[in-house]
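Quick setup: the structure tokens below cover two forms of a single protein chain, split into structure 1 and structure 2.
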Structure 1
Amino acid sequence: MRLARAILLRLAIGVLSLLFISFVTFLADMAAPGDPAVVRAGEKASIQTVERIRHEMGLDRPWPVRYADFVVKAVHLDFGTSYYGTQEPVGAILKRDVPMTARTALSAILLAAIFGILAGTLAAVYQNRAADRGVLLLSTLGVTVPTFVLAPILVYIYCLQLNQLPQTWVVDRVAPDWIYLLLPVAVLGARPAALLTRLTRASMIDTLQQEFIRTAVAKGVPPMRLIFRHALRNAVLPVITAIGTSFGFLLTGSFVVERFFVLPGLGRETIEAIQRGDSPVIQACVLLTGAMFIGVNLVVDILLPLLDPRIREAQI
């Protein structure tokens, strides 16, 4: 029962966080230069036409009323229509772009988690040896090399020099989708993988020095069972928490990666909407990105008590 209350509390905090995000985005849009009514009417439109469109869009109402109207519509997943082109409904834009962002981000965090946990465990087991130094070198490079530097390097090597992978996403694809997503996922997951590697290494080194590990060694527990069932099971808990926070980096990093690799995702759509001042698309993309981040961290909060009986007993 107490665990259920804790989950409900986190949900309430998440809703308040989304309200704060939407409010800040709304104020930033108000302070931005440009008039949406002029954008929709065209620069050569008459003053009467602009005023009529401003009234139709509700821009002549006080901003608290407009914000309240935006929140009510957002609850019903109604974000209005785009200001540009065919004035496509924002819901249709999100429906088209979210699957690509979700697929790329989930693939990147899965790759980062698998590599980080395995490489960190290897480094901890062979502490201060060649394997440990090699893993630390790779993780240091992964942390220090920015995404916008790593992406051109990998494209130059694998696309231009070796000609093994496609450089960008295209509509008429001649290979499976995962071929086109391989480089974006690798670039996006590089930094989280490096962070999770270092965290797993530190946590495993601390766990391997605990008394229950010495007891298991004295009882003759096989090395592989000792490492993966006893040590890693206890050391991986802070890593799982870090996976949730790393997902936030993946969402923000996807803005650069999707733009660079021309992926039709939420990050690329947000950047293009900001460049052209498309307020409904900006507000919807930012709000949805925040909801995805909060949702992943909520899942992590639920998983931890299931994996660690000590946390579950403390909450109960």
Structure 2
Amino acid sequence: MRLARAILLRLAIGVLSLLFISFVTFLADMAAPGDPAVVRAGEKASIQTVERIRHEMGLDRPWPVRYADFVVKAVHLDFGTSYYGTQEPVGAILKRDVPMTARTALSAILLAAIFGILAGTLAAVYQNRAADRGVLLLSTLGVTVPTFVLAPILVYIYCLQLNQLPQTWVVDRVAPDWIYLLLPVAVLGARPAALLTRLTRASMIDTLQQEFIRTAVAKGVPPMRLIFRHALRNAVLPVITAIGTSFGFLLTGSFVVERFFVLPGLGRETIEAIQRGDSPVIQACVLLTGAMFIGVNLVVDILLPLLDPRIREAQI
């Protein structure tokens, strides 16, 4: 019951956060000089043409009216239509783009978590030996090499030199989807994987030195059981929190990755919408990103007390 109340409270705060996010986004859009009508009219348009287009786009209404209009419609999940191109409803754009981003981001975080926890445990168990050094080297690279450097390197090796993998997502795919998503997911997951590895290693080394482990060793618990059952279960808690925050990296990482691998996803849509000043699309993308961030952190907050009774008692 207390858990349910806590979740409800968090949800209410989440909704308020979203409202705040939308207001700030709207204000930022407002405060920027020039407006979408100017871009739409182009570099050769006269001031009269810009005025005419501004009127047709409804941008000549006062801003509180426009914001109120936006909020009322957004509550009904209507985010308007894009200012440009086919003037598609924003809902349709999201419906098309979200699955791709969700697919790559979730695969990346899942792989990153599995890799990070296993490699981090391995490094901790073999602390200061070759395996540890190897893992540390890889994870240092993973943290320091930026996405926009890693992606061209991998494409150069696997696509241009070895010719084994596709360079980009295409409409007429000649292999299963996962082949096309291999490189994007690897690039996207590299940084979180490296971060989670280092975190697991540190947390694991800490746990392995604690007294209850010594007791377990003295009791004669077999090594595998000792590591995975006794040590890892305790060491993994901070890692789970970190998975939540890593998700933020993924969303910004997808801005670069989706553009580079031509994936029709939310990250690319956001960037392009910002570049052309497509306010309705920007609003929806920012809100959705915010909602995902809030959602993932909520899940982490619910998960932690379930895994650790101590937190359960302290938090609620």
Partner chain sequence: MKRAAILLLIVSCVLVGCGKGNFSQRATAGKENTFVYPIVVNPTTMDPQIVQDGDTIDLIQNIYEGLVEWGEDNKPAPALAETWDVKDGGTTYVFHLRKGAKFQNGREVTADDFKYTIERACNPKLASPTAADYLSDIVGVKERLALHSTTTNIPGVQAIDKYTLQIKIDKPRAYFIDKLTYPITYVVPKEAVDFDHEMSDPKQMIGAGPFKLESYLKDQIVILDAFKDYHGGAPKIDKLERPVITDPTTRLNKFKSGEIDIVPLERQDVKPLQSDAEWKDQLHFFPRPAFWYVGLNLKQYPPFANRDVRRAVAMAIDKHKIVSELLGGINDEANSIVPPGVDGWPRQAQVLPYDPAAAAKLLASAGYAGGKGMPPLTMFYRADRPDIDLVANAVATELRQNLGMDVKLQALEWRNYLDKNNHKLLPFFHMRWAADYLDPQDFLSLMLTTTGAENKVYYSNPQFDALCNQADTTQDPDQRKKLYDQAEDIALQDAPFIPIYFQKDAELINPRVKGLRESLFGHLPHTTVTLSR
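Structure 1's sequence is the ruler for residue numbers, which start at 1. Everything quoted here is computed from the prediction, not taken from an experiment. Heads up, when I say rigid core I mean the largest set of C-alphas that superpose within 1.5 Å between the two forms.
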So which is the form predicted together with the partner chain here, 1 or 2? 2
Split the chain into its two rigid parts between structure 1 and structure 2 and indicate if L137 and L94 go to the same one. yes
Rigid two-part model between structure 1 and structure 2; small part's rotation relative to large part, whole degrees, is 23
In Å, how far apart are the CA positions of A37 between structure 1 and structure 2 with the rigid core superposed? 4.4
Fit the two forms on their core, then tell me the C-alpha shift of V65 between structure 1 and structure 2 in angstrom. 3.2
